[in-house]
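Take a look at this one chain, the form predicted alone, written out in structure tokens.
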Amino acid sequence: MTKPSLRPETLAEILPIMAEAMATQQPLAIVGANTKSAIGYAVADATLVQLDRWTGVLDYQPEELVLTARAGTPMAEINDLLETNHQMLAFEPPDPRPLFGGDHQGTLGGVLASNASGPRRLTAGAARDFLLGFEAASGRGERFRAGGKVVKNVTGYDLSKLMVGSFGTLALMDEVTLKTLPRPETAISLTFPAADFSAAQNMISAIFATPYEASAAAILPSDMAAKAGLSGDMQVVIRLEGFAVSVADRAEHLLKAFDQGEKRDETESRRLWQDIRDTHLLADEDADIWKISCAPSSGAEVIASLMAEMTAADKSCPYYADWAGGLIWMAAPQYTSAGGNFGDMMREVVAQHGGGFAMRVRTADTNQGLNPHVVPPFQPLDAGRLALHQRIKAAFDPIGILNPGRMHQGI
């Protein structure tokens, strides 16, 4: 049960709320626009603290490629401001609406809390790589700063890497500073047919070995290709970005080097990569939606093993891959042919083929988020990592008031 919500407007206003929570050992469920509440466990018996009033761009210097804003600032506002100045967040944060519904694109803090990164992560890096500094309040009720407001900043520990992806379990970030980049003058895509997943990965490897600088690469099986408006068999999708003259030249060379390729113009390319980035291709599936991260070289083996299990169960398991095959999005039934949990089997397969992680980002069963006996949404931690996570949690939030159990039970 969640208690009535609180809506502080400043970092100073959250400190007495934290002090009371520590004194009474009352958990706080921290949310922004609440667009990603389906990810992870619900925080039980908690006071809801909404940070949707922590809004506003505080400083933006396009010439310095630096933007500072409060964590509750809507992503729509951030994107519009950057677009006006022909800039972007290079890690290409996904829009949560296709997958989770609603009409809100989420907040800057939510993007950072979940380390939400899109197709360009393959070549540009993840959200955590673009956070330069922040001001926050820890679970001790103490304000602190980390990093700075310049790109060349090397002072202190790199707490930015620690906070991004922690889902509000360590501290509440307020003022955050990010590195921005110029938006490419143009972006187009090339699509190539492939016989199977392994052949698709081999083609991507060959393309990235050329000097023609692709910025993103995805693999769409025939059913997903059809949903994306592409015809034919499995499709390899390659994005080229930059100055128009350069993009046209690179596209011409790649089309000559690889057979049966087709060029997709800027409008079609933008729509195609939005579908891939936002998991729109799987959004209408009545199944659990999983995010599997593995080495791109292991992607074909992981897919083959999972498809064999689904064939044995006579069940559908639509999927596609981003990040050159290193990120697999999959819609899967809850149970395997043997009656076991699909998530457990999936994680065993990933472990057998080089390691990685599998995270359930959306469930078809609304009870799974509250049931501790159902497969955990986040990749379970081995003993060593569990101990490390517990020590970090204790250092920042010793009483355990900030989103306790959101990612892993007992943390």
Partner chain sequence: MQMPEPDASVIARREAILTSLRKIVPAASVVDSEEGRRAYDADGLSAYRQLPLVVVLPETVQQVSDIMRYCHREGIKVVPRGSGTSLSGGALPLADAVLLAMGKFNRILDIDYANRCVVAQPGVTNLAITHAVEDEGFYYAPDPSSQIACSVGGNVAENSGGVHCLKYGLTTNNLLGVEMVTMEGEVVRLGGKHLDAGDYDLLGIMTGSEGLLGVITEVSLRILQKPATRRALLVGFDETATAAQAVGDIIAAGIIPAGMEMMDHLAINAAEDFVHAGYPRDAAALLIIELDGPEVEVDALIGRVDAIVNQAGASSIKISMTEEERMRFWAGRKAAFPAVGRISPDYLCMDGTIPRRALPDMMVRMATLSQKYGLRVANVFHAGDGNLHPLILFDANEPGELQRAEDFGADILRACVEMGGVLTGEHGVGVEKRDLMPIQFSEDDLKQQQRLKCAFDANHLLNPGKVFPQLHRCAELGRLHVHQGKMPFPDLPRF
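Just so it is clear, the structure is predicted and the values come from calculations on it, not from any experiment. Positions refer to the first chain, counted from 1.
The next section is about a form of this same protein that is not shown, the form predicted together with its partner chain.
Exactly one listed residue, out of Ala308, Leu255, Ala195, Leu181, brings a non-hydrogen atom to within 4.5 Å of its partner chain in the predicted bound form: Leu181. The contact with its partner chain in the predicted bound form, taken as any heavy atom within 4.5 Å, belongs to Arg128 out of Arg128, Lys263, His280, His104. Of the stretches 27-35, 58-66, 43-51, 338-346, only 58-66 has residues with a heavy atom within 4.5 Å of its partner chain in the predicted bound form. In the predicted bound form, no heavy atom of Leu11 sits within 4.5 Å of its partner chain. When its partner chain is considered in the predicted bound form, Ala304 lies well away from it, no heavy atom lying within 4.5 Å. Among heavy atoms of Lys161, some come within 4.5 Å of its partner chain in the predicted bound form. The shortest heavy atom separation between Val374 and its partner chain in the predicted bound form exceeds 4.5 Å. Interface residues of 383-404, taken as those with a heavy atom within 4.5 Å of its partner chain in the predicted bound form (partner not displayed): Gly384, Arg385, Leu388, His389, Arg391, Ile392, Lys393, Ala394, Ala395, Phe396, Pro398, Ile399, in sequence order.
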